[in-house]
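Given next, in structure tokens, is a single chain: the form predicted alone.
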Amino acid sequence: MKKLPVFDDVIEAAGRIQPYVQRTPVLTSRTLNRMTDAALFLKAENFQRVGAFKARGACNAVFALSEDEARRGVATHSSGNHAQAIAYAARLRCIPAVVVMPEDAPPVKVAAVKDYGAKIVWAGSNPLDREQTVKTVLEQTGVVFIHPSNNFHVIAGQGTAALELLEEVPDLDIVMTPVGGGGLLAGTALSIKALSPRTRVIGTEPETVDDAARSLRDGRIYPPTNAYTVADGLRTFLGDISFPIISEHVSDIVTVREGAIVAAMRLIWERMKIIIEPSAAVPVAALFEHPELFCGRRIGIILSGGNVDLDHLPWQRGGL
């Protein structure tokens, strides 16, 4: 069994990445509180470096490398946000980065990866295509692989967002995140259960790609369905590091409809005047899809990112 991170590793990560990431604000909205009959505290990782929480885990993983490892460079596979984050962290450490991206990756995320100086290698749209392509890259180059979610240091780094949230708002009933590969959910669970054991941790995902919900329910990792979802960043699957942490510490994973994701994203844009991407809207959608779980509660939500293709917004004609 692989070594799993613990809360001490989250604390270590917080110190390691402090020079390279933002301490993002926790936002509130009286309108959203009224609409959900709950007290909401939104950790705005859309204001994070590279526009997403992924900067935390990527910086922790890249700066945890030994000098010998760093000289070899790094590689990863990602549909966008982790790709940008690895490219960003590698540039900070002045080492080369190779990123395997699906051919249907959002153009705004592709452009950002290029701007940070990483080399892009293209793969098919199925997450398993990326896994195979990155194996070829590793065989050909000898670079160090940093998995987007199923990585010890990535998970520890992602846990720093919840650490900051609880430092600011310590008395929460529930903390929610979206879940794709489970890095954010696992890291969040480590922080929450160490600092506030009574607080429930709940993951949220689109019902069209509900492998994480089924995995938690049945106690085994299901592969991705590769079905369509507007929350493209969540079309991936749990791993043998993230899943044991989630199994032990996460109370539930709930699913939401595509239309609810789009409606929640638009609601945040219109009422809070901030840009979030569809994946970040998934836990907000859960508030309206499963009101019986959240009514009357104090709820923390990690708004995971804000990288959106403004030419193809999901509520525009043809967006869904």
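Note that residue numbering begins at 1 and tracks the sequence as displayed. Everything numeric here is computed off the predicted structure, so don't read it as measured data.
There is also a form predicted in complex with another copy of the chain; it is not shown, and the following applies to it.
A.B. asks: Do heavy atoms from each of G51, K273 and D311 fall within 4.5 Å of another copy of the chain in the predicted complex?
C.D. replies: Per the other structure, all of G51, K273 and D311 touch another copy of the chain.
A.B. asks: State the residue from F63, F41, F288, W269 whose non-hydrogen atoms include one within 4.5 Å of another copy of the chain in the predicted complex.
C.D. replies: Contact check passes for W269.
A.B. asks: Quick check for you: of 273 to 281, 252 to 260, 289 to 297, 53 to 61, which stretch puts a non-hydrogen atom within 4.5 Å of another copy of the chain in the predicted complex?
C.D. replies: This holds for exactly one stretch, 273 to 281.
A.B. asks: Contact between T24 and another copy of the chain in the predicted complex at 4.5 Å, heavy atoms?
C.D. replies: T24: no, not in contact with another copy of the chain in the predicted complex.
A.B. asks: Just to confirm, F243 within 4.5 Å of another copy of the chain in the predicted complex by heavy atoms?
C.D. replies: F243 lies outside the contact set for another copy of the chain.
A.B. asks: Do Y88 and another copy of the chain share at least one heavy atom pair within 4.5 Å in the predicted complex?
C.D. replies: Yes, contact at 4.5 Å.
A.B. asks: Using the arrangement in the predicted complex, list in sequence order the residues of 20 to 51 with any heavy atom within 4.5 angstroms of another copy of the chain.
C.D. replies: Heavy-atom contacts to another copy of the chain in the predicted complex: R30, N46, F47, R49, G51.
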